[in-house]
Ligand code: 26V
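A single chain, nothing else alongside it, follows as structure tokens in the form predicted on its own.
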């Protein structure tokens, strides 16, 4: 497509949809016209790609994930299709700046953090590599939430992303499917065998919407299918006629709430029920769609595992196991043994965390009430599993109970995946070792062949090529364009690690990106930061194990040092945070409030104003990350060792030249192996040392008594010097009031973290040395490409 063709198609869309020529269109109209033209191109390519795969009877991958953090799509698709220049010129001829259109596009509200972004990276990579892969999730009307910081507190507001974002979605209302909740399942036997009839259930319609995912310079376009919940009866006319207007809409409202919000607060029973209904809704709709497609093509299901790989991304879609069994047995008359064999051979499972809240457990009574037939199947899976375990571990009641799917009146979703899926994988070397050596050890001992590792990867063309075109231009001039298809070729950059002119160019590019972030912060936060300072950045979901709190305490320590010694020789530092806390996570919200209080205190103090700044940037999302990441000097990856499964923010920051300060946790271990200890700032205990300290009896107070500087920092939390008191945070670190004192060992790692931060300051003074470290990080980042990860899944797990 050239500029002339692009202009003609844009003109056509504007006249057809908005009744005006392109040169008279508003930016919103021009944006939607551009999206519609691109969507048409993607649909055409997807149809051709699907046709080729169907004709060749290629195996299909179906990727089940509660989240897909897609971000914005216009620039990404134009870049992948190599159409940026024709569209930019066509729009410019009509007096429209394409960058203004990029600015008004909302992030798709389909995810929250690393789990959803990883799923999107894998969809991008699969399309780039030419693999047939369909993603399935929910069309969340309001996504997670829009974050505002008001008087230091996180406030959640609806994120109405569909107002502008729905232009990317193509509805297929005539292909809606039914999902059933509640009622009761009656079992009976007759001469034809065993039967189940589901009675008195409530029906919710699942309406599919397609979002098309392009690949870089590829003929492949895949689909992300998003399900929207509707009631089959939009209004109760009887109730309406009686004047009961709210009741007349009640059934529709109860259905539609399923697809309203991602991760509703579950600190109450209604929230738990809604989460369970969400998970079954999208799993059931997706599997019904997959099976219908397969039967239409092959007319049989005994070959399902040969032609379909269904992947469970983290524990949320674990209901794939009993739902696939239900469809095979109840709708296609398979016996249990045959259905179980097909299910096992078709399903695979990635675990993304060892955190207990993500290894979901549902109250057995609630589970049975909401999903009666699924409960029957799950209970039978458990009965057979326990029977088998009793022959393997006779008399070992504790072990059998630990491995059971149902025990202590709980339904354990991770165990459901472990007993049913043909392959289980972790997402970094350390994480996979922890799974097989601790929480999944009994299952590993039972069948170690099913366990694998696939270290996470990123869609680097988005995070490097699109987010940092200046750096890409330099890379291409030095090592050619081969890295655009094969990230491993970035390693050729190493031959320039001692070239002063290349190192100077890297510094110049970094400064330009830092100025861009400075300007954004000035506009968004009203805070002026120094682009010549060290940009020390921690951007990720707010959770105690990620230890934003450790960073905050260290900042207070540095602040005290500067107050006590105004002549302390350190480079100016700017600490930048961006994070959302789950709406029901009180301590995470308190930590945000603390960071904002620290920012207000330090930024208002004339004694340190030119040497130290702290900024909390609200409403973190993909498009914001694309501005922040290229500007980072230091990448904060400081989770307690053994808790972060992998991390992908560390990879995005690394490939943009940020140097990691972190523990040996998650993929930091593999980053360290790639770049060497001299090219990152390591601190803290290893995962083995963490375990050893817990076993011997961890006492945070003993560390505080031995470190007066730490004691002084903790006193600042409760003295009111920050404009408010933070007794809850101090108590969580020092007492058992909120469970285990200092559950993530912030106190234990504090002293070594301060040492590492002092080393950052010293190293940064040597501009050439720091630039060399940055270059080595870029050159060694190729291994963390999503292309590599998806290829490993394709070869070793999905077998395509």
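None of these values were measured; they are calculated from a predicted model. Positions refer to the first chain, counted from 1.
The next section is about a form of this same protein that is not shown, the form predicted in complex with this ligand.
- Comment: 308-316 is the region of 381-389, 308-316, 670-678, 701-709 lying near this ligand in the model of the complex, near meaning a non-hydrogen atom within 4.5 Å.
- A heavy atom within 4.5 Å of this ligand in the model of the complex is found for exactly one of 165, 114, 71, 684: 114.
- Contact with this ligand in the model of the complex, judged by any heavy atom within 4.5 Å, is made by just one of 291, 265, 257, 83: 265.
- For the three marked residues, 67, 358 and 647, a heavy atom of each sits within 4.5 Å of this ligand in the model of the complex.
- Although the partner is absent here, residue 613 sits far enough away that none of its heavy atoms falls within 4.5 Å of this ligand in the model of the complex.
- With a 4.5 Å cutoff on heavy atoms, residue 275 counts as touching this ligand in the model of the complex.
- Proximity of residue 660 to this ligand in the model of the complex: non-hydrogen atoms within 4.5 Å are absent; the residue sits far from the partner.
- Interface residue remark: residue 118 is counted as part of the site for this ligand in the model of the complex, having a heavy atom within 4.5 Å.
- Looking at 409-436, the one residue that comes within 4.5 Å of this ligand in the model of the complex, counting any heavy atom, is 427.
- Note: the CA-CA distance for residue 204 and residue 270 expands in the model of the complex relative to this form, by 3 angstroms or more.
- Distance between the C-alpha atoms of residue 266 and residue 425: shorter by at least 3 Å in the model of the complex than in the displayed form.
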